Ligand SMILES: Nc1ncnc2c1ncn2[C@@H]1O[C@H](COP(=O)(O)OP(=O)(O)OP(=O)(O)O)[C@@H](O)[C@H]1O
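The chain below stands alone and is given in structure tokens; this is the form predicted alone.
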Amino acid sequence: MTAPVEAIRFDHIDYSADGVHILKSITGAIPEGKITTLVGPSGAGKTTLFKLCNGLQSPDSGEIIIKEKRIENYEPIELRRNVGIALQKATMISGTVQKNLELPSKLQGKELKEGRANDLLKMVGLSEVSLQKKIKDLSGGQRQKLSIARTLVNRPDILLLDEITSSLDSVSRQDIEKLIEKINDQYGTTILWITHNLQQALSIGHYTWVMMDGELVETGESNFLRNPQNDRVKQFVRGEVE
């Protein structure tokens, strides 16, 4: 069987901040065109790993390869065009949907045409929301969808999702899950998704990484969560580690 193409490779990544060793020799690869879920207790280093992928922080040692190119060889704008990120709290600027949606284009000195903006809203299931609607009038689920639409303006090859459904009701959560599966299926976008919801990791992820105490403890096709081999992961899955 042919090994999957690697979208991201981590090679012995270490990272410390304020005297705390946050990431400890993380080594592994995220397969291209698949959804990989990232689970583990709070403080495991998951979000820090994301920030390294997006160039928001740099590792103390080790190497990160994005699409066969070392991360330090990317210009920041090029890197963030290739690697989009959507966070748990969808940060918005005051004003309209259009003002928020066109922000990535404006930062690059470009214009987001109205037709493209409406296409993005339609793609994320916001076709009923007008570009002139005020941000303050959107529901939590609508704001999260808009956040994802804004991330997609640059058509990133890799999309990092950090707990984007944790504060949503079940209907909105299911809407977002379907949206992410659609983006992955239709565009072949590589998805790396941090979630505390193990059922979500099982149902959405093709692959799963479990991180604990800054280490990558167990990886594989997501079904391994039903019967993990590592004792610490078994405890985590049973809810004995938070």
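The structure displayed is predicted, hence computed values, not measured ones. From 1 onward, residues are counted along the sequence shown.
Below, we refer to the form predicted together with the ligand, which is not included among the displayed structures.
Proximity to the ligand in the predicted complex, taken as heavy atoms within 4.5 Å, picks out 45 to 53 from the listed stretches 45 to 53, 61 to 69, 27 to 35, 201 to 209.
Although the partner is absent from this view, residue 13 stays clear of the ligand in the predicted complex, with no non-hydrogen atom inside 4.5 angstroms. When contacts are judged by a 4.5 Å heavy atom cut-off, residue 22 counts as touching the ligand in the predicted complex.
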